[in-house]
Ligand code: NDP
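In structure tokens, one chain follows: the form predicted on its own.
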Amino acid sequence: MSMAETLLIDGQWRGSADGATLDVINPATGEVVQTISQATVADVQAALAAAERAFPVWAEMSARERARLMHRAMDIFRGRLEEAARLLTLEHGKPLNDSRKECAYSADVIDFYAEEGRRLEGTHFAGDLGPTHSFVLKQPLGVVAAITPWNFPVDLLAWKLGPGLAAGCTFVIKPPSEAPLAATLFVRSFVEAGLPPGVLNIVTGPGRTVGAELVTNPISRKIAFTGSTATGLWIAEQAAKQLKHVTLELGGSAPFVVCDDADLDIAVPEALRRAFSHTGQICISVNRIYVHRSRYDEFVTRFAEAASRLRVTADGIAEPDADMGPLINQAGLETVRQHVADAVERGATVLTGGRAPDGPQYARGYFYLPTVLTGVTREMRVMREETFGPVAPIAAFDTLEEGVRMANDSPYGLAAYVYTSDLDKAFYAAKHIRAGGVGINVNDITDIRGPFGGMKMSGIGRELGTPGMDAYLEVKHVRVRIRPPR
């Protein structure tokens, strides 16, 4: 595979039909990491046709054989995990240790679902009326269009490929144009493991052409998408016209609620990590912090002081254990700047950050310091919209009921976090906060075995866990009349 032959169609690596390419840019330096193929609509159609041809072959293969190939692929990938992590850091900017964790976890997800596919069971029952017996079968949906984001390009691809492949589906994958390299290496491991041609296909390019064809072409029977709410709404509208299945994991604005009895030795560092890890570019990043008024001053002082000590790196490979790197592009940086400027104009105070870091090493990249805001109000953009950057606004509340209302004061509902030493408060908050996942004294709601997804404008459907597997399966009822022996 040459540097510009990065489309995978029917088992073959190739360039685009018209020879078009696009550059993958290192957001820390502005330098070109690699030039890749930019697919045409004809390339997407060819990939979908290949996946359609491969579907009966893959679907009829035994779950044991599918699992063997999936495990083999991950053995291959783990052998090149360091290469994948370095590529991910170069194209995304995140510190190398974070890239290593993402790649390693992605392999674990595939291995988990390889075995889940072998445990897939239907049900059966005797009929109520007449001599009948019913069987409920679970069968793969068909061809899946997987459209993945740049913030976790390997991990969130694994969340889709793991259950989908184990179920017997085939895929056309659109990795993010900003960060497709590590994801492509991940898929290459499946090809080398011996998956039949056409089971996995890759087409890279703009959403307006490549993504639109994947969504609207009748061959795809499911759209698995992680990305913005605006794009997700368009996908849902288009998919509805053909009654396609969808899993949509969209925007978030996660609240972090600190109760009066919270252990700040735990809450402060965990809020810090979830607010600024990956430069705040995580769908479950802490976007809004609400602290009980009796603990507000202490929390703010400790949190802002800790944020001011975080290390921002312009070279995530040379400094693999740094706390954060750059934002992904100029548009992301501008959103952060605008949100902070709007908050300050409306009366907020910047306790730390609020600008780019000093130093010539940051001059060519999209950098912004970890930023802490106080004096924030609900009208500010930073409290209403998803900033997707290293900004943490902090507000006070007087009662837990008020804190929960403030947490729910958002069109989004993906993740929320509550810190308390009281079991009653924990259960009250977990029950009443409208989010798909709630962490109690823990700042990560993801577990391979537990469902992940959003309420309200944060999406529809679930990934991971048993629901993540069910999302790639059709349920079929087979009813049989039983005749007495002759």
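Everything numeric here is computed off the predicted structure, so don't read it as measured data. Just count from 1 along the sequence shown to find any residue number.
Note that the form predicted in complex with the named molecule isn't included here; everything after this is about it.
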Site check P149, R208 and C283: each within 4.5 Å of the named molecule in the predicted complex by heavy atom: yes
Although the partner isn't part of this model, could you tell me whether Y105 comes within 4.5 Å of the named molecule in the predicted complex, counting any heavy atom of the residue? no
At 4.5 Å between heavy atoms, is S228 in contact with the named molecule in the predicted complex? yes
May I ask you to check whether F303 falls inside a 4.5 Å heavy atom distance of the named molecule in the predicted complex? no
Quick check on E386: any heavy atom within 4.5 Å of the named molecule in the predicted complex? yes
If contact means any heavy atom within 4.5 Å, which of 265 to 273, 157 to 165, 228 to 236, 186 to 194 contacts the named molecule in the predicted complex? 228 to 236
Out of G198, P95, P176, P326, which one falls within 4.5 Å of the named molecule in the predicted complex, going by heavy atoms? P176
May I ask you to choose, among A212, L137, L120, I76, the residue with a heavy atom within 4.5 Å of the named molecule in the predicted complex? A212
May I ask you to list the residues of 232 to 255 that have any heavy atom within 4.5 angstroms of the named molecule in the predicted complex, in sequence order? W234, I235, E249, L250, G251
